[in-house]
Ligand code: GDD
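Single chain ahead, by itself, as structure tokens, in the form predicted alone.
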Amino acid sequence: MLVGGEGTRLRPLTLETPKPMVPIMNMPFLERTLRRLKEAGIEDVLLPAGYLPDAITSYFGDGSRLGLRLQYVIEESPLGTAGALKNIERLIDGPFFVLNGDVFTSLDLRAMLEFHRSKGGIGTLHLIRVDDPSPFGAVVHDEDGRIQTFVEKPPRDQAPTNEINAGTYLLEREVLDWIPAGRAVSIERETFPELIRSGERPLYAYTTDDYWIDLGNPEAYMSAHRHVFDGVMPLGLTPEIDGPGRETIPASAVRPPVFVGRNCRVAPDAVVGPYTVLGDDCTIATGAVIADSLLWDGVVVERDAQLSWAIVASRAHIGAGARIDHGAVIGHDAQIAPGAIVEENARVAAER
């Protein structure tokens, strides 16, 4: 599980929280992925980490809480997707999955493993179909699934296919022999194309219609939550209202769907929802209106404040009568003054 990225497109959310620890419905994204690995029968997980690694290691420890065995390898400098694998080569003794730390998907890993075994190739790449492949890496393969070429970020009207690299790989150990040591290496731009040119054992495409999204920017992060609320990405939520605090929020305040964390205090005449998540220990005062927004733990929203399609990181304080407009992102511990207007798509970090 590649968790070394800095998550620059998600700042200021990732100034204090590494991207894999950004919450999805109040649970770190990485934990949701690790639970999915456990459900697929995988128990040994290697975590090459580099950015704010203590936040990851202190939360998960040795993984026993999840029934997993976790090992961490801290990168002193970024090594790229393939370089990170080469750096942990000594810990790998057979076929292994590689998962990118910013991909949220419903992919069935057991089914992918069965496909890989049936083909007998050196590796299998998960692909999905998209309307516009231009922001991604398009992957061309034959009718049997054998990959022929990679086209990075093709212009939309020139793309040879709408199937893209979805960031989950199942590789045989000998792939590591093709990765040079001691430098940053991209598996997508260097290793995979080199394997194809070599004519050695083939790489295969495994194309599915599973849910998939790259959580790399605030818009996608917001969209992922909406998809969970709507059941497009199945997480087993109950309709209308869910979360450990669902019994404590006043019914008069709820505009479903809503997810409520523990120990929240919500005024009966506040409005929470639709498509809103409250983290643990949030306080929503009288007259406040919060719609289409994600609040992390310990956020305080004072009376008559309004939030619309906003993301607010932990311990931020929204002053009375403040207005947080569409697409705004508020960082950890930020203080929004009473009556202030945070404009559309603004990024606000706390002063340090």
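Predicted model only: the values in this text are computed from it and were never measured. Residue numbers run from 1 along the displayed sequence.
Another form exists, predicted in complex with this ligand; not displayed. Remarks below refer to it.
Stretch 209-217 is the contacting one of 241-249, 209-217, 277-285, 193-201, since its residues have non-hydrogen atoms within 4.5 Å of this ligand in the predicted bound form. Between this ligand and the residues Leu176, Leu107, Val103, Ala224, the one pair within 4.5 Å by heavy atoms in the predicted bound form involves Val103. Checked against this ligand in the predicted bound form, the candidates Phe97, Phe136, Phe115, Tyr72 yield a single residue with a heavy atom inside 4.5 Å, and that residue is Phe136.
Using a 4.5 Å cutoff between non-hydrogen atoms, Lys153 counts as a contact of this ligand in the predicted bound form.
Contact annotation for Ala49: at least one heavy atom lies within 4.5 Å of this ligand in the predicted bound form. In the predicted bound form, this ligand sits within 4.5 Å of a heavy atom belonging to Ile164. Although the partner is absent here, Phe259 lies well away from this ligand in the predicted bound form, with no heavy atom inside 4.5 Å.
Three-residue candidate spot Ile24, Arg255 and Trp309; no residue lies within 4.5 angstroms of this ligand in the predicted bound form by any non-hydrogen atom. Contacts of stretch 277-310 with this ligand in the predicted bound form, defined by any heavy atom lying within 4.5 Å, are made by none of its residues.
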